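We give structure tokens for two forms of one protein chain below, kept apart as structure 1 and structure 2.
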Structure 1
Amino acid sequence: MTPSLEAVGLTKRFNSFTALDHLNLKVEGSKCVGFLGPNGAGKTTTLKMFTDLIFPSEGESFINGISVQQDRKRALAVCGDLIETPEIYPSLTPREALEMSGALRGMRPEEIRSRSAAVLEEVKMTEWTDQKVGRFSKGMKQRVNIAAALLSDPEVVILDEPSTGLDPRGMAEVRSIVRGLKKGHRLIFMSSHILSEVVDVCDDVALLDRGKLLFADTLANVSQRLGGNTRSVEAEFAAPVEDSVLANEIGSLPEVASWSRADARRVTLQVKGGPAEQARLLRQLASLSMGLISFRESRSALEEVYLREISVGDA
């Protein structure tokens, strides 16, 4: 069976506040889906209803076609989750923490032992198997938490902002683990408010704001939502460039829709077209002998869509 998650009219109200407003979303297949949105958009509320930590005001959530609200045990049997950041008793070792987690799931002792070794290797914690968790960094503790989510070898993995609060190294380690999870033919549904994280590890993205789904699509198709067929590119020069030179030498190029100065040596260009036009513009800038030292997109397509959609929603 193809792993899947589905929300049908999923709604959650807290008194007069609507945290999630009639979410209709289905994701399926072996891939990583980024559930993206600003803080307070309703992401964690959604994940808690998928894992039956809170009950919806309206609607249902489904895992592999089984209603979480109607048949919780069977629906969650194929699911591993990490919601928010659970604490691990500091006196436990990763092995002991996984034994406790497996026992709570009703796993057999021999199954817990074999799976513990496998998942600790998957999250790169094998050498710390019998060390006390209280000595670990926050990133190492998070890796143990991810291992616990994988213990039952789930088809569906739900992660709630797994790298939030970690230092850059910890964030990089967690993202590397998530990329590795995609090789296990699992559906990974990961909430995040970090655009670079979603671009780095996800295949699809669903954007949520103020409890409403704005869109869901593949990352490959996100650029088509920009419209106007323009991209922001930043060019940097070795020495300051005068406005008159920018206007006459760069602003007049056919690929440049408009330009604005970032500082004395950097200029942001709105480029008409896609990669082919960007490549042609790069060649032309290099031929001007103005000391071009860098040329890159100033924003990813996802970032541009995110800022446009969220700003429209907040207007």
Structure 2
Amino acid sequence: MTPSLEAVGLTKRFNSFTALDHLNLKVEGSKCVGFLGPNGAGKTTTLKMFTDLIFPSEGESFINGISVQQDRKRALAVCGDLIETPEIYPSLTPREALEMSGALRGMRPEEIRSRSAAVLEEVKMTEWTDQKVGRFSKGMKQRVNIAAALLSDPEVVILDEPSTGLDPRGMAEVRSIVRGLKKGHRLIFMSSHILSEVVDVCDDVALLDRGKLLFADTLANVSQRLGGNTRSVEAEFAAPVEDSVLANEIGSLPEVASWSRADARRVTLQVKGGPAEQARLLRQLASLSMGLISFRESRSALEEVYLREISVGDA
């Protein structure tokens, strides 16, 4: 069966505030979907309704076609989730917490043992296996939580900002874990507001703002959403660039749609076209012998679309 998550008219109101407004979204197949949106957009609210932590005011959510609201036990049987930063009973060790999680899921003791060892190794917590969780830092607890979410090798994985509380190395490790999860027959639905994280690991994105879905598409299609197919590129030079040079020699290049100065040595260029045009522009800038020392996209396509869509919502 193809793993799937579906929201049908999913709405959540807290008194007069509508946190989520008739969300209709279906994601299916073996892939990673990034669920994006600014703070307060309704991402966590949506994920909590997918895991029955809160109840919809209207609508329904489905995991593999099973209604979470009508039969949470069957719906969550194929799902591993991590919502916010859960706490584990402080006197338990990671081994015991995973034993409990596995036993409640109906895993056999030998399965629990072998999978516990594997997931604890994956989250780099092997040496803490028999220490009490109550003594752990927030980041360490989050690693154990991730291990628990992956313990049963679930078909559907729901992650709510999984790198929360982790240091930069931990965040990189989480990205690596999520990339590893994609190798299996598995749907990963991951909320995040770290765009680079989403670009790094996700295949599709869904953007939510103020409780409404703005778009849901593949990352490849998101690039096409950029008006005129332009990208922002930042070029840095070893010495200050004079205005006349910027206007006449750089600004007049055929690939440059417009330019602005970031500071004396750095300029931001709007480049027409895709990677081929960027490569040509790079060669031309280098050939100007102005001491070009760096050339990189200042924002990803996703970031461009994100900021544009969110600002449209603000207006």
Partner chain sequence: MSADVAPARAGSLPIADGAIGTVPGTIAQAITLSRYQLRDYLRSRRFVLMIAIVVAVGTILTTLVAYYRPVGLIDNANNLYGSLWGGGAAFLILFAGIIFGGDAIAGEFQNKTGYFLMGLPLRRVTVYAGKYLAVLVASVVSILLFLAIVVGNAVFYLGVGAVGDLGQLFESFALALLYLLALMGFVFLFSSMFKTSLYAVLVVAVLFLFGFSIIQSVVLALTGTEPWFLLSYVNQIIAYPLTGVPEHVARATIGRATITNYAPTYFEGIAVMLGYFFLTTIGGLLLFEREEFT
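Residue 1 is the first residue of structure 1, and the numbers go on in sequence order from there. Bear in mind the structure is a predicted one, so any value in this text is a computation, not a measurement. Between two forms, the rigid core is defined as the largest C-alpha subset superposing within 1.5 Å.
Looking at the two shown chains, say which is the form predicted together with its partner chain.
Between the two, the form predicted together with its partner chain is shown as structure 2, not structure 1.
Of 86, 22, 101, 203, which marks the hinge as one rigid part swings against the other between the two structures?
That leaves 86 as the hinge residue.
State in degrees the rotation separating the positions of the smaller rigid part between the two structures, with the larger part superposed on its C-alpha atoms.
Smaller part versus larger part, rotated 17 degrees.
Would you mind giving the Cα movement of residue 134 between the two structures in Å, after fitting on the rigid core?
Its C-alpha moves by 4.3 Å once the cores are overlaid.
For residue 115, tell me the Cα shift between the two structures once the rigid core is superposed, in Å to one decimal.
With the rigid core fitted, the alpha carbon of residue 115 is displaced 2.6 Å between the two structures.
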